[in-house]
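The chain below stands alone and is given in C-alpha cells; this is the form predicted on its own.
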Amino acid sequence: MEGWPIWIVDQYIEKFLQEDVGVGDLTTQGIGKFVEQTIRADIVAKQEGVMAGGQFALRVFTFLDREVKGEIVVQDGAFFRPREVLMRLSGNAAAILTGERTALNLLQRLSGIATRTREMVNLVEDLGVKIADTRKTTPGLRAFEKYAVRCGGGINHRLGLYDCVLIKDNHIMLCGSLQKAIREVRSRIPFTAKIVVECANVSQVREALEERVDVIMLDNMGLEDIKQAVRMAKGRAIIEASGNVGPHNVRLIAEQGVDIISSGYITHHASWIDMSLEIEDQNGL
C-alpha cells in the first residue's frame, strides 16, 4: 500500500465497514449455513479504465476474515479492459459477500479518478508539464483519492491546510495587500514550509516574485498573461496554472511553459468505473 502503515489503513477500513455493516449483515446472517461455504470469486471490470486501490479493496476482505486469500491480477496504475479480471478471491462466503460493496465502492471510485487523471496526463505528456490534484476531494476519502491521482500518473498538491501555505484572494483582502500577507505568514511558519501565492494578474505575479515566494499559482489567467508570467518568473519560482482546467484547454495552457497544472476536474469530474464481484466456484478448493 505504498508505504501506508497497516494500522492507518485499518482505521479507515473499519469506519467504511461500520457504515455499511453496522451490527451485522442481515442477508448473510439470514442465509445461515450456506454462507459457511468456501468460495472463489472474481472482481471483474465492466468497462475500461486505470486500476487504483487494489490493496485497499483486498484489505477489506482480509479485515473481515484473515483467512481470505486474494490475488491482485491488475496492479495499480495499469490499464484494464471490459471483462478483465482485476482480483481473485477465495475464502469464507460470508466475509466475501459482506465486504463486497465496500471493496467495490473503493475500487470503482479510485479507478475512476486514476482514469480521469491518466486522460489529462496523456494530453500533455510530451510537454514536460505535471498534472496535480487539488483539495476538491470527497470528505473522508482525500488520502485515498490523492493516491488514485498518483496511480493515474499525476502528482499531489498539498494534502491539507497543514502542510503548505497557500495565500488566496481572501487572505490578501484580510491583510490589505499581497506583500503584507506574505510577510505576515513568513514571520510565523516553519522555515521548511513552502509558500504558494494565488495570483489573478501579472501585477500580482511581479509582487510575489519580489517577495521570493516558492510557487506562483496563476488563477484563471488568459493564455497571453500566462505566457508573460512564465517569462517573468523563469528560474525564480515554480509556475502553476489553475482554475477551470479540463481536457478542453489543458494542452493550450501547458504550451505556455508552466511547470504544473492543478485541476479539480480529475477528482470532481471522475466517473466511477463499473465493476462486479462474481462467484466462480463453491466448495471446490
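Worth saying up front: this structure is predicted, and the values here are computed from it rather than measured. All residue numbers are counted from 1 along the displayed sequence.
As for the form predicted together with another copy of the chain, it is not shown, yet the points below apply to it.
In summary, the region of this chain contacting another copy of the chain in the model of the complex, judged by heavy atoms within 4.5 Å and restricted to 199-207, 120-128, 176-184, 81-89, corresponds to 176-184. Although the partner is absent here, residue 63 lies within 4.5 Å of another copy of the chain in the model of the complex, judged by heavy atoms. Shown alone here, residue 42 lies farther than 4.5 Å from another copy of the chain in the model of the complex, counting heavy atoms only. When contacts are judged by a 4.5 Å heavy atom cut-off, residue 226 does not count as touching another copy of the chain in the model of the complex. Among heavy atoms of residue 98, some come within 4.5 Å of another copy of the chain in the model of the complex. Here the marked residues 137, 155 and 164 all reach another copy of the chain in the model of the complex, each with a heavy atom within 4.5 angstroms.
If you take 244-270 and check each residue for a heavy atom within 4.5 Å of another copy of the chain in the model of the complex, you get 244, 260, 268, 269, in sequence order.
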